[in-house]
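The form predicted on its own is given below as one chain in structure tokens.
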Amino acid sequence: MIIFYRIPGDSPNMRKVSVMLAETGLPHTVQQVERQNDGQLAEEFHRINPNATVPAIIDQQTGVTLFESGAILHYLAEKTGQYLPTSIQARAEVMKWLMFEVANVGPTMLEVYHYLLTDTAELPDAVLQRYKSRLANLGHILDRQLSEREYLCGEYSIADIALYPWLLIWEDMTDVNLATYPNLHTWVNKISERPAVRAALKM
């Protein structure tokens, strides 16, 4: 049994794990992590993730404890043999685009979120524009990648699962209509129609 640790509400990083668990059909339970009075996650949770962030999982079958969404997706793909190719070339391609999301898309989106919604200090327009321009460039990179393939690496994989939840809030974060990137727009719609994805987003 997989124990999936999360907090009430939703976020792209928690959605990644929800989608992967739904796609693989792995038996799991959801454990809500409580916040303390200062807003920090409960102290006992720090033993599971010293960084005190969600998502995190414990695989009771193997004894593995994991945090960081990219690591969780990779582990679950290895465990089930799903959504990660076996050939070294195809596998490397998936890992490349998974790392692209982890190192570029996610962090940039989080910076935009911080400055748009949580930072009340005066912020020079140039700072926010820098991050929005970076997101626009990332969108063009992804659109080109999808110009000749159905999914990021040809076949549906953990790279798609990692990236997809960020695109659900893309327009809110960037003020750019997703239709500006026609291939990316088609990709989002295609993934949104997957039964497991639809089920996961209702969690």
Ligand SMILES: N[C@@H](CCC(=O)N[C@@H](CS)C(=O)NCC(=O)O)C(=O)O
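Position 1 is the first residue in the sequence shown; the rest follow in order. Remember, it's a predicted structure, so these values are computed and weren't measured experimentally.
What follows is about the form predicted together with this ligand, which we do not show.
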Exercise for review: Indicate whether this ligand has at least one heavy atom within 4.5 Å of a heavy atom of S18 in the model of the complex.
Suggested key: no
Check your understanding: Any of the heavy atoms of E68 lying within 4.5 Å of this ligand in the model of the complex?
Key -> yes
Practice item. May I ask you to check whether T180 falls inside a 4.5 Å heavy atom distance of this ligand in the model of the complex? Key: no
Review point. Taking heavy atoms only, is Q145 within 4.5 angstroms of this ligand in the model of the complex?
Key: no
Check your understanding: Thinking of N104, L135 and L167 as the candidate spot, does this ligand come within 4.5 Å of a heavy atom on all of them in the model of the complex?
Key -> no
Review point. Just one stretch in 172-180, 22-30, 145-153, 46-54 has heavy atoms within 4.5 Å of this ligand in the model of the complex, so which one is it?
Key: 46-54
Check your understanding: Even though the chain is shown alone, can you say which residues of 1-34 have a heavy atom within 4.5 Å of this ligand in the model of the complex?
Key -> I7, S11, N13, K16
